[in-house]
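Below sits a lone chain in structure tokens, taken as the form predicted on its own.
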């Protein structure tokens, strides 16, 4: 009579099958891939060396500047939208809800096209301050604010109501209590998702190429594509991708640490 497997044994068998399947897929890819062609097309050391230092001093620097400016603008606008979303004034809530639904529903590419084309047409003779940098900050900020607003709103609502009551009992006005007590605590709660939003913005900064940029305004994706076209080789694109990972991987690690710390605090 065959004995039944225990739960632990079934789990071990299941894990063994999954590991075996993973190893089989890796071996299959390794056997079937044309490594010589991939190496020639994506890993030309001579071409990679020619990208430096410009890929760092120009492309990566611009990408970081675009990201931080968009994040700063989005954070300020997102805070305003979040407070409107929580307002007791109905028109404010309606306007905030419409903004969030529109800018969360539209692709970021369309927002960039709107900023680069529709705004100059709608306001003739008016230029966005900062040129390309200002346009990118506006485009990224408009997209990020819709997500940040909901994140900040959730953070504010996660602060215990007793905090507001305690502040009011000490003589704080509602506005001062929000600024001095509630919002600082809310930001401590939402730091992990906001950091994750920074990672997403860093990647979305690649859409700047649709605004039309000069050689000195190129970010990593535009820089890699231009050099790949000039050299008829994809090595510049691979190096640009590694530069993205140079920033996003440490940031992702920070997000995980912050989330773990928040979980321990709870």
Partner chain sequence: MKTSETEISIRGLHKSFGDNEVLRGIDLDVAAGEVVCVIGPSGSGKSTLLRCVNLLEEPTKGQVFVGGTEVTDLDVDIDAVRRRIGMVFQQFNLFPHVTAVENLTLPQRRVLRRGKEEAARVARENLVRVGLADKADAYPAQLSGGQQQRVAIARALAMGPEVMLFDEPTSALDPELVGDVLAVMRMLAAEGMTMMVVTHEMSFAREVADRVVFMDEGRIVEEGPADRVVGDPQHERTRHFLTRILDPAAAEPPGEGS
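Residue numbers count along the first chain shown, from 1. This is a predicted model, so every value here is computed, not measured.
Keep in mind that the form predicted in complex with the partner chain is missing from the display, and what follows is about it.
### Query
Of the options 86, 80, 167, 113, which one has a non-hydrogen atom that comes within 4.5 Å of the partner chain in the predicted bound form?
So the residue touching the partner chain in the predicted bound form, by this definition, is 167.
#### Entry: Sole residue of 130, 171, 105, 91 within 4.5 Å of the partner chain in the predicted bound form, by heavy atom
Of the candidates 130, 171, 105, 91, 171 is the one lying within 4.5 Å of the partner chain in the predicted bound form.
### Query
Just one of 67 to 75, 171 to 179, 147 to 155, 190 to 198 has heavy atoms within 4.5 Å of the partner chain in the predicted bound form; which?
Single hit among the candidates: 171 to 179.
### Message
With a cut-off of 4.5 Å between heavy atoms, is residue 163 one of the residues that contacts the partner chain in the predicted bound form?
### Response
Judged by the heavy-atom cut-off of 4.5 Å, residue 163 is in contact with the partner chain in the predicted bound form.
### Message
At 4.5 Å between heavy atoms, is residue 185 in contact with the partner chain in the predicted bound form?
### Response
Yes, residue 185 lies within 4.5 Å of the partner chain in the predicted bound form.
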